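Shown below, as structure tokens, is a lone chain in the form predicted on its own; questions about how it binds or moves come after it.
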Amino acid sequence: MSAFYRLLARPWAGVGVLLLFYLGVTLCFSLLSPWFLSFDNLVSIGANVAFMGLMAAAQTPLIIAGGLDLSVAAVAGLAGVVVALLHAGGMEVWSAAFLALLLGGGIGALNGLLTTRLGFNPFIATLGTMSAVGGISLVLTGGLTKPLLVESFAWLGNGQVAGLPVPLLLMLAVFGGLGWVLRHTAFGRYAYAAGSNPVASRLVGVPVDRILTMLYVGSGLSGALSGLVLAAMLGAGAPDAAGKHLLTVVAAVILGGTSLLGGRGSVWGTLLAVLLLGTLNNGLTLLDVSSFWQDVTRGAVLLAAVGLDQLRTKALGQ
């Protein structure tokens, strides 16, 4: 067991295990379905998980820094609703989208204020804003889906550039940008320090509260952007369009090797986990597995992710 824990303590262990599992799942579905291993299907997987990937990408540095945002999926739903309602009221669609992004950033700033200035537990604070934001979406729409059939806006969710879907390219750009920030900037080093030991970080001059607030704003922006992509894909603003995907987003972050205790993680592990979860959904659908069993699979993956995180934490403590 000591050798096993030493292996888990390696920096690459989490991503390495995940990559092996991903390759195994891909091989399995390739053998079971003749349609799985095709370019169109693989690109479709990336496009379909892009809106979740956008949320998971920004959630990763936030959890690394010791935060958590449960409201991000509710913000996504509200962003789509806001654009649909403002456009129906006569506002130009891209102006409405810009206001939705500002609203998402504002909700993120509120989460940052609650957790850093008022000392709320991140779980409780963002659970409260999740409920409030989701309720506002339902009040604004009466629980109904609002149409948003604008050709130029639909390009954001269904367009292509060089044969690749716009949502997929947008997701990869966000992951690439965040990966560079975490690895090559002082802000990224501060995020890791804040999650590892916030008290010691404050003593040496790291602006922990400011870092966390900025990351909460980034999470809110990512939720709003995800909502815009989802609304463009659906051609409508739905108040609970992304609500059921919150656990998938959190599972992707944890499965990708980011510790719930903070101080450790990588956006590249999160990206691989997002693609893995998308591949599981796609493969099970091609095999005509019931959506109920797909929910069971997502729950099992989440439990496995948390279990692996606990094992790695124990390994690093030895």
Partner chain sequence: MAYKMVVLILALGLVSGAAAGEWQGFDPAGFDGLMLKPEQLQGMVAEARQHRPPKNGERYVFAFANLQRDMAFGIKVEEGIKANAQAAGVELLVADNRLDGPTALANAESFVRRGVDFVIEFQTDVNFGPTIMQKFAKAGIGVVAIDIPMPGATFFGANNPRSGFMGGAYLAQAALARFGAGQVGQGYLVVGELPQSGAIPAMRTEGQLAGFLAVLPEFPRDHLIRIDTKNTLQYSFQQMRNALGRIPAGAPLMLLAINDQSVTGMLRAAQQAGRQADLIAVGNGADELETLAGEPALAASVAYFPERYGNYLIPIGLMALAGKTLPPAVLVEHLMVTRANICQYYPGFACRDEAPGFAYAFPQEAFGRHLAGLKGKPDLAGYETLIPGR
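Residue numbers count along the first chain shown, from 1. Whichever C-alpha set is largest while still superposing within 1.5 Å between the two forms counts as the rigid core. Small disclaimer: the values here were computed from a predicted structure and weren't measured.
Same protein, other form: the form predicted together with its partner chain, not shown, and the subject of what follows.
Asks: Should residue 90 be counted as a contact of its partner chain in the predicted bound form, where contact means heavy atoms within 4.5 Å?
Replies: It does not: once its partner chain is placed as it appears in the predicted bound form, residue 90 has no heavy atom within 4.5 Å of it.
Asks: Residue 281 versus its partner chain, in the predicted bound form: is there a non-hydrogen atom within 4.5 Å?
Replies: Residue 281: contacts its partner chain in the predicted bound form.
Asks: Do residue 236 and its partner chain share at least one heavy atom pair within 4.5 Å in the predicted bound form?
Replies: Taking the distances in the predicted bound form, the answer for residue 236 is yes, it comes within 4.5 Å of its partner chain.
Asks: Though only this chain appears here, would residue 260 touch its partner chain in the predicted bound form if you measure heavy atom gaps against 4.5 Å?
Replies: Because no heavy atom of residue 260 falls inside 4.5 Å of its partner chain in the predicted bound form, the answer is no.
Asks: Assess the spot marked by 44, 147 and 244: is its partner chain within 4.5 Å of a heavy atom from every one of these residues in the predicted bound form?
Replies: Answer is yes for this spot.
Asks: Report the residue, out of 113, 86, 166, 138, that has at least one non-hydrogen atom within 4.5 angstroms of its partner chain in the predicted bound form.
Replies: After the contact test, the surviving option is 138.
Asks: By the heavy atom within 4.5 Å rule, which residue out of 122, 218, 195, 157 makes contact with its partner chain in the predicted bound form?
Replies: Selected residue: 157.
Asks: When its partner chain is placed as it is in the predicted bound form, which of 65 to 73, 267 to 275, 24 to 32, 281 to 289 ends up with heavy atoms within 4.5 Å of it?
Replies: Looking at the partner contacts, the answer comes out as 281 to 289.
Asks: Could you check whether the CA atom of residue 291 moves 2 Å or more between this form and the one not shown, using the rigid core for the fit?
Replies: Where the cores coincide, residue 291 still shows a C-alpha shift between this form and the one not shown that is 2 Å or more.
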